[in-house]
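In the form predicted on its own, a lone chain appears below as structure tokens.
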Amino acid sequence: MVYDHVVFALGAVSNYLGMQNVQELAFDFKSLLDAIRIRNHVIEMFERADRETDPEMRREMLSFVIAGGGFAGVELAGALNDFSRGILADYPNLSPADVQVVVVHSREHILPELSESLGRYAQESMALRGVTFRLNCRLTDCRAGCVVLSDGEVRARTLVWTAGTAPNPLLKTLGIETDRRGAVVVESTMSVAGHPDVWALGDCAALKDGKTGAACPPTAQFALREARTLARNIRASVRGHALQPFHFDSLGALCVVGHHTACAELTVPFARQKSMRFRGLLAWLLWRGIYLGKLPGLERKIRVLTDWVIELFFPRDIVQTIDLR
């Protein structure tokens, strides 16, 4: 294939750490289609449990295990717990005691991306709403109706994997240097060493900040800035100009942990206190405002805002969404 420049932006895939049963039986959680499938499955479990007479079988159907206590796992657990308890009114044969949302995490506290105080606040807030945490614990295997942990088992028919990702395995077949994770090793300009016309960015690139030398995390706010810098560098390469090393200071992080509750840690440049921390309703409003502001187009902003307002006054919708496979 003839090309002038090639950019690898293949993202990441779930890394199941060699656990074949988990790969086959667990739900992935990386795309909108994954979220639709999980929602449809949860509604199906409630429909079956409402007709089940055996209390043990009913509890197994309504137990949902999330592997991973990072941003994805915690936000999913909070949303799933709110959704599950919100639709109980539509199932008269079920009680809140039947529903169990379990977060399995290998560390002492959830949300290691945030400060420990915010992580503990998130855990306490979610526990008050009924979420169960299995900390300092690893998922080791699973089979139909059972999730096997390093400290025991959980009877459940739903397992969602958010505990690990890896760069796309296609990168290892290209004959270019990769790190131990499988990400393409690049210069601070995102150019692949020895290949000035080959570039990589995002989750599939082992990129270090051109100013600090720190590894760039695989998050959206970094990937967006990397794309802009890369576009300028490709133009500079074509014109024979000097390339610009990538540098970006994180703006902070936001995580929703349940109904009207969130954690926020925002970076404050040129201040003694390098970060500002918010939690509760204020952080949730901040998260919603930033999310709404980033949506493209006025029409889409109005549609989403309208949906949020309707959600405040009406019960949860339990109609299953069509899964376009």
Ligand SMILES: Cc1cc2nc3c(=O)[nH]c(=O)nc-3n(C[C@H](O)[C@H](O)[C@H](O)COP(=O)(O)OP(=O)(O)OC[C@H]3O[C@@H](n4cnc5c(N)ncnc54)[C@H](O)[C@@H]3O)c2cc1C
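From a predicted model like this one, the values you see are computed outputs, not experimental measurements. Note that residue numbering follows the sequence shown and begins at 1.
The discussion below concerns the form predicted together with the ligand, not included here.
task = Please name which of the stretches 194-202, 108-116, 238-246, 93-101 has residues with heavy atoms lying within 4.5 Å of the ligand in the model of the complex.
result = Among the candidates, contact is made by 194-202.
request  = State the residue from Thr219, Thr132, Ser250, Thr212 whose non-hydrogen atoms include one within 4.5 Å of the ligand in the model of the complex.
outcome  = Of the candidates Thr219, Thr132, Ser250, Thr212, Thr219 is the one lying within 4.5 Å of the ligand in the model of the complex.
task = Have a look at Ala79, Ala72, Leu159, Ala206 for me and say which one sits with a heavy atom within 4.5 Å of the ligand in the model of the complex.
result = Of the listed residues, the single hit is Ala72.
key: Partner contact for Thr189 in the model of the complex: the ligand, 4.5 angstroms, heavy atom   = Taking the distances in the model of the complex, the answer for Thr189 is no, it never comes within 4.5 Å of the ligand.
key: Contact test in the model of the complex: Leu10 vs the ligand, heavy atoms, 4.5 Å   = Yes, Leu10 is a contact residue.
request  = Give a yes/no on whether Lys30 approaches the ligand to within 4.5 Å in the model of the complex, heavy atoms considered.
outcome  = Flag for Lys30 set to yes.
ask   = For Leu88, is any heavy atom within 4.5 Å of the ligand in the model of the complex, or not?
value = Flag for Leu88 set to no.
query = Even though the ligand is not shown here, does it sit in the model of the complex so that Leu62, Leu128 and Phe278 each have a heavy atom within 4.5 Å?
reply = No, because Leu62, Leu128 and Phe278 lack any heavy atom that approaches the ligand to within 4.5 Å in the model of the complex.
key: Residues from 140-179 in contact with the ligand (non-hydrogen atom within 4.5 Å) in the model of the complex   = The stretch touches the partner through Asn168, Leu170.
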